[in-house]
Structures are given as structure tokens and as C-alpha cells.
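Have a look below at one chain only, the form predicted on its own, in C-alpha cells format.
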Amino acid sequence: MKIITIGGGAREHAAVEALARSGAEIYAVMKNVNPGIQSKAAKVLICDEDDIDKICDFAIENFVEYAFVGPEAPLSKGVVNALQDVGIKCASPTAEAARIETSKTFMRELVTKYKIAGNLRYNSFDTAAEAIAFVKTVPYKVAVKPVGLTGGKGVKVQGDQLTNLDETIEYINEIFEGHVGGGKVIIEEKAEGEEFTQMVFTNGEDVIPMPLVQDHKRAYEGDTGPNTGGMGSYSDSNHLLPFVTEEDRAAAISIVKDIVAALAKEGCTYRGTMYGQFMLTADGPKIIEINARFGDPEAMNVLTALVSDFGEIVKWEAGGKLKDEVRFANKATVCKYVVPRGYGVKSEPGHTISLNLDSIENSGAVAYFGSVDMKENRLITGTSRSIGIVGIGETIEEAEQHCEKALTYVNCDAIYVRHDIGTKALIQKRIDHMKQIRGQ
């Protein structure tokens, strides 16, 4: 198969590696030179990832048959619609279907309309005055979110990033004045529990679940510091998580299936990967957000463990037939992101970074290149997450040890890693918290 891939981050590198294993001929579009993607691609186009005209011309010139889109921004701009218009089959959603992520209000209203389980109380506001009046009287703690895209960094929660009412009002004003995420606000009931990610493959009708993953948004160890795009993540060998039961997972999968069905009924059939972010509460899984793509870093966990042919899955998502059932290895994975110093507040980019890929592989891990670039034959850090290191093992503990060993083969004088991700102590903290939530 000839496939165009859009995106130059570690999530897209993981997808390209999986496509390369399936024998796909890859035509990569990215705004930066990702050496991992470049090494697997037949041809590379360096341009803005939402430059639809250039992307379509590149696809046509190279007689591409399929498309896979990694980041959310090109989806919101309608790159899939444009590619489909020139006859390319897409394993990613149209702009209309991607509203499940690009408009938090659309998602909540869809879930409400179709009476789908797991919804939270919410109100959307077009003006700061209305939103502020609401938070002054609401009888529960809330999460304040820009309605549109913010790169996973726009959510602030009372009792967490927002310590009092004044800070909540200040953040609402900041969203409207800065036109953050479109300059509209959705205020949601704060859900108490533990977050987990349930991603699925779908062709718009059938849904194939992936292993569960837990992401770590906070920048610093001990779950402190500002929210980020994600500092790392882990998955378990049984495809659950230590604090999630089979019943919990089944409930989350049922919610995602209902959302896929609702989108089809709305006339915007969803094809591709869907990412359900859930909070496991005393009353079961609650929807935090639904995203129109792979999670990042979670894509690295699941695609590293994928045994099946990813190319065949892409063809199925785009409207073909699936030859075999989709299988993932019964392995645990721990991903830790190497990020530029200051990431989450003010990144310090532009530093040379190097790594020994053979030594990383011999450590029982794999490396995925993220926000890096090549300048004068040097690998340079960008402003976002530089390299994802994924340790693989029979247990989470073993995978975490492999990840830590592999990290010693990454060299840069201006980087930071959350070393506590996947450790026994942090996971036990999650288990104990969930027991407390459930009153056990």
C-alpha cells in the first residue's frame, strides 16, 4: 500500500514504524525533520501540516492510495475531506466527525442527545460575564476548558490548578481575552477518581479496542507542576490497568461504541482511531474528553505492543475488509518522554541531543523521535517533547526498569524526564486512591 502520513511527532513516528513493519510505502508530511520518520519514508514533504493544497498535490503526484493523520490541527482544517475529494481513502475522520474533539460543546451535546452513559454536568458560555456568574453560584467544583483545541494544555480544575474562586475567574477572563481555543468556555463538573485512556480502531460501525493506558499530564514528579501534553504513560500485560476492572473497561468501550454510532446517525461517520479519556469514579467511568486520533504518548504504548498488521487495520478503517482479528502482545510498556528543560512553563529549545539506538534496543526498549529537527547534521531539540522512550517487559516493573536503562543512552545538557512514571510507588498511589474513592 502507498500511504501518506501527516505529522512529525513521536506519535506519528510510532505509527510510521508500525506501517513500515506491514510493508507500506510511506510518503510523509511534517513541519520538522523527524529522522525516525524520514528513515522509513520513500519521500518526505516538509511543510505546515495543515497546508491542504500542498498535501493534496504531494499525494496526487505520488499516486498515494491511503492517508493517516496524526495530529488534531489538520483534522480540524478538513485535510481528510480534501484528500477524500481527490480519491484518497482515509483512516482518519473528516472535519465534521473530528468535532468530537475540536468542539467540547459538540461532544457533550451529542452525548446528551443520545443519552450515552458517562456524561458530566456542563454549561457552555459565549461571554466571560455569563461564565463568571455561573461559577460564582455552582454548588460543585468545576473544570474550566476552552471549547476548541489547545494542544492538551487548556484545562484547569478547581482544587488543582485553580485554588480559589478568584483564580477561576481570572482563568475564564484569560480564555476570552486571549481567544484561547476559539475564545469560548465550557465549564464541567469536576470528576473525582483516576484517569485512564481507552483508544479504539473503528470503521464507523465496528469498534476494536486497544489496551488501556494511563497518561501523566503534570510536568513534575509526584503529579505536581503545570499540565502538559503528556510526560509519559504505561500499559499492563493483561491490557487492563492495576486499578481498572474488566467491568470498568467494558463500560468505557460501550460508551465509545455509542459515540461512534451516534456520529453515524448524525451523518458524519467516524473512521480512524478514537481516543476516549475517562475518569474512573465511584460510579464507573465518566467522559473527560473524546479525541479524534491516537493519544500522545499513549500511541507509543499500544503501537509498540501491536502484533497485527497496522496497514491492514488502516485499510479496514478506510472502508476495506479485515482479514484477521487485531492482536496486541501480552507485554507491559512504560513510556517516558525526554523533554526540553522548562517544558510546561517556557521550553528551552535548540540544544543538541543524541542517542544510541542500538543500546536502547538492547536495553529492552524502543525510541520514538518527537519535537526535534536536523540542522547542520545535528539533532536539535524543539519546544515540545523531544524523544519518547518505551520500555517493554513481562510486567510494568520490568518495563519501567528497561525504560530507565534506555534513558541512560540519551544525551543532552538541557532535558528533563519524569522518572516516577511506571514505578511501583506511583502505581500503588493510584490503586490506593481508587480504593479510597470506592470506599473499599
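Quantities reported herein were computed from a predicted structural model and do not represent experimental measurements. Residues carry their position along the shown sequence, with the first being 1.
A second form of this protein, the form predicted in complex with adenosine monophosphate, is not displayed here; the remarks below concern that form.
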| item | value |
| --- | --- |
| Non-hydrogen atom contact L322 with adenosine monophosphate in the predicted complex at 4.5 angstroms | no |
| 4.5 Å heavy atom contact, E195 and adenosine monophosphate in the predicted complex | yes |
| E221 within 4.5 Å of adenosine monophosphate in the predicted complex, heavy atoms | no |
| Distance check, L120 to adenosine monophosphate in the predicted complex, heavy atom within 4.5 Å | yes |
| Stretch from 86 to 94, 170 to 178, 240 to 248, 283 to 291 whose residues place a heavy atom within 4.5 Å of adenosine monophosphate in the predicted complex | 283 to 291 |
| In the predicted complex, the residue from T102, S347, Q277, S363 that sits within 4.5 Å of adenosine monophosphate by heavy atoms | Q277 |
| Heavy atom within 4.5 Å of adenosine monophosphate in the predicted complex - residue from E312, E109, E189, E266 | E189 |
| Stretch 227 to 257 - residues with a heavy atom within 4.5 Å of adenosine monophosphate in the predicted complex | N227 |
